[in-house]
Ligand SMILES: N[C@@H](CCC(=O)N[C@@H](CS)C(=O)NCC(=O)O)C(=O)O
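A single chain comes next, written as C-alpha cells; it is the form predicted alone.
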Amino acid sequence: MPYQLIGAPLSLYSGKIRGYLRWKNVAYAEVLSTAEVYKAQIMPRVGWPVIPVLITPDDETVQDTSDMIDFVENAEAGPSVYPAGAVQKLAALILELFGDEWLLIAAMHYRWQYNEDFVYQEFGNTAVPKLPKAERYDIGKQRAEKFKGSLPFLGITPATAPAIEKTYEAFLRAFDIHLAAHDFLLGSRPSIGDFGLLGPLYAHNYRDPASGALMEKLAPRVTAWCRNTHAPQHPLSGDFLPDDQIPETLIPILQLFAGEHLPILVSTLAETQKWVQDNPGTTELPRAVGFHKYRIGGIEEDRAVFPYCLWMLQRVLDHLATLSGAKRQAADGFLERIGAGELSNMQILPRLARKNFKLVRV
C-alpha cells in the first residue's frame, strides 16, 4: 500500500510535505480533507482537526510535517534532504524553521488582505466539493472565519501590515537574487530548508492569485522555484554544494532570520519557561501561553507566545550539539557571521517532545 496524504491545495503545510514526497519519489495517494474525511479519519486518528496527516503503508499516523519528512527519510532509500555538511545542515534547519514559523506571518497577511474571496471558495471546495459553487462559498466562508480571526494572535494588525509587506518583499528580492545562481538553497538538490520555505511561498503566496501576481512581478525566479519545488521534474536528483559551502547569496536571508525571527524565539523561550514554572504539574503545553511584544520592520506589536516554534528550534540546537572540533568551530563562526551567535549557547529547557500529536515537556 502507498502512503496516504490527507491534505488540501490551499493548506500551507500540505504544500510543504507534498513537494517533499514528490521529490523523494515515494508512492502516495492524496486524499482531500473534506468534512467527511475529518470525521471518519482525522479526528479518530489525531484527536483534533488538523491537516496534513500522513498515513504510512503500515497504517501509522504521522501529523507534523517535520516528523513526516523524518519518517520517510528513515523508511525510504535514496538521497536525503539533509545535507551531510555540518554548516549546510545547520543552515537548512534554520531555514526550515524560518519558513514554517516566520514566513507564516506574510503568508497569512497576504492571504487575508488580498485574496479573501478566493480563499473562501477554496475552503468550500475542500470541505464540501460536491455542493454547488455558491453553497461551497458560503460554507467555506463559515469555516474560514477562525483562520481569519487568528491574525491578531500572529501579530498581524493594521499597524504591522506595512512592515510585514516590506520585510517579505525584501526576502523575495534576496531569494530571487540567490536563485539566479542556484536551483535551490544549497545547490541543485532541495534541502529540508527548501521545503520549509515551500509551504508559505507555494500554498499561500504563489497559489493565491493576488499575491501570486506580486511574486511574479517582484521575483519571477521565486515563482519558477515554487513550481519546480512543488512538482519537480527530476525526483531524487541534484547535489548539495561541495565542501560544506554556504552561498554568499544566502547570507542576507539568514541575516533576516537573525534580525527579525531570532529575537521572537528568544522571548518565546523565556515566556514559555515562565509558564512552565507557573504550571508545574502540567505536562502538555497549550497552543499559546500568553502574549508578548514582537518587532517586525521596526514596528512593535503584541503577539501570542507559541511554544511549538521552540520544538522546531530544538531541532536546530540538537544538530549543533552533535558537532565538535573543527565542525563546531565552523558552525559557530557561521552563526556569528549571520548575527545569530546566541544560538551557540542556547538550550531549550525543559526539553520538548511531541506525544500523541501534542506538544509536551519532558
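Residue numbers run from 1 along the displayed sequence. Bear in mind that the values here come from a model prediction, so they are computed numbers and not experimental data.
If you look for the form predicted together with the ligand, you will not find it shown, but the lines that follow are about it.
In plain terms, the part of the chain that comes close to the ligand in the model of the complex, with a heavy atom within 4.5 Å, is 49-57 out of 331-339, 314-322, 49-57, 290-298. Shown here without its partner, the chain carries S267, L310 and K358, none of which come within 4.5 Å of the ligand in the model of the complex through any heavy atom. Residue K146 is the only one of K146, K217, H234, K130 with a heavy atom lying within 4.5 Å of the ligand in the model of the complex. Residue contact check for W23: none of its heavy atoms lie within 4.5 Å of the ligand in the model of the complex. Residues of 1-21 lying near the ligand in the model of the complex, listed in sequence order, are S11, L12, Y13, the criterion being any heavy atom within 4.5 Å.
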